[in-house]
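Shown next as structure tokens: one chain only, the form predicted alone.
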Amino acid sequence: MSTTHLTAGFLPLLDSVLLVLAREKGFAEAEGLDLTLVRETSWANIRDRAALGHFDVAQMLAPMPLAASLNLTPLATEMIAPVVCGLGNNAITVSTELWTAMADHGAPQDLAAGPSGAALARVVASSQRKLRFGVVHQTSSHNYELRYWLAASGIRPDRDIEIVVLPPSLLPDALGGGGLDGYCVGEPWNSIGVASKGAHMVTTKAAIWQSSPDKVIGMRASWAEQNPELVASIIRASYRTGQWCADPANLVETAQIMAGAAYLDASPEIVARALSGQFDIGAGEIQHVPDFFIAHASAANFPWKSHALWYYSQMVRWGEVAYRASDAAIAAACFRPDLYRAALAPLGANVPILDSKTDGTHATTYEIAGTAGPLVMGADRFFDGQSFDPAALERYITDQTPN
């Protein structure tokens, strides 16, 4: 079988799993793709090398195609995302010193976002200095979910607390060296901070916003238009990879592959924490975190336009861009459910028939219409009880907590 060579950029994070296993388990080859993976050190490198055409496709931060398409990047170019790399996978981790102060102010051991945020607010109010938190990139889900959590907890980002950008792999060392008080990052870097720097996890992305996206497989829109069959092959390989990864019987093998030196370069035990949701959150305290990372269930790989619009709302909220209906349309167009649906039609896969949905409106599992019958979706609550309706985007932005 002849294959077409593709180069894909990725960062050493658990949710590079779709690209890694597509190569390692043969799902890419089965779709006629000879997939070469290039490990990068920062999201800025991923952003710029994708824009320059060094990568055909890349693991990207979910808001990154939006930022590139809205001319918010140094090498602005229209980008699209036809696949989501899964739901969840982030956490917020703090130093031993900050955790001790938060615990003294009532922070719980159960990772609940509301009580943890309230405890941090009390610490911030009494602190003699401004605390500093790290995120992996400005236009990242990490930055927006950290800011959302802080603001809903009564902490004003940038005024009450400093937020800086560092590559994921440098965050544990920055915390251990005293340069940071906390950070928001994907696995395995929370668990590595706990294991090597005495850090403590205080809440998770799944607790802040249930069933929410984090990374995507992105590409230049011009490349996608010129190579529609390759895009469809990437989508199908990703779908089959997600199915395989979601099978609990494959957890150990997934952890072993992802732990390899070419990928996460971490112990399989640490990698397995995010896959199983069984975490040492600090000082030997074990917590089970349901749905910490969802590889495939709940339409986890489907690129909802409404999710793109939520990220756009945060770009507006935090002053990166002024609201314009035309920009909202550009943002929504970056996520491509039409390509996802068309690529999977030959497989008879059951995928959502709609392009958008509300979030924050379901406290338990619920069903939506799929192309082959009902689809079960996971709870999608925001921890502060708010909801997001993409049909009321401008009002949602207006009603956001003032920063």
Partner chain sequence: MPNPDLSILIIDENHLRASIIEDGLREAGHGRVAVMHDVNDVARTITNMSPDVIVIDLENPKRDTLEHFFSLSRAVQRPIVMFVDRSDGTMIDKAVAAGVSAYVVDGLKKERIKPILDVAISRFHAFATLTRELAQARSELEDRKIIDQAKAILIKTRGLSEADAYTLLRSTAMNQNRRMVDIAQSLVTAADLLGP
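In this text, all values refer to a predicted model and were calculated from it rather than measured experimentally. Numbering follows the first chain given and starts at 1.
One more form of this protein exists, namely the form predicted together with the partner chain; it is left out here, but the text below deals with it.
Visitor: Does the partner chain come within 4.5 Å of any heavy atom of P167 in the model of the complex?
Guide: Yes.
Visitor: So, in the model of the complex, is S356 in contact with the partner chain at a 4.5 angstroms heavy atom limit?
Guide: No, S356 is distant from the partner.
Visitor: Can you work out whether H362 and the partner chain are in contact in the model of the complex, taking contact to mean some heavy atom pair no more than 4.5 Å apart?
Guide: Taking the distances in the model of the complex, the answer for H362 is no, it never comes within 4.5 Å of the partner chain.
Visitor: If we define contact as a non-hydrogen atom of the residue within 4.5 angstroms of the partner, is T41 a contact of the partner chain in the model of the complex?
Guide: T41: yes, in contact with the partner chain in the model of the complex.
Visitor: Going by heavy atom distances of 4.5 angstroms or less, which of V252, L75, A262, A283 would be at the interface with the partner chain in the model of the complex?
Guide: The residue in contact is L75.
Visitor: Consider the chain as shown here, without its partner, and state which of V376, A369, L52, L347 has a heavy atom within 4.5 Å of the partner chain in the model of the complex.
Guide: Residue within 4.5 Å of the partner: L52.
Visitor: Which is the contacting stretch out of 80-88, 289-297, 167-175, 117-125, given heavy atoms within 4.5 Å of the partner chain in the model of the complex?
Guide: Selected range: 167-175.
Visitor: For 122-146: residues with a non-hydrogen atom within 4.5 angstroms of the partner chain in the model of the complex?
Guide: Contacts from 122-146: V136, H137, Q138.
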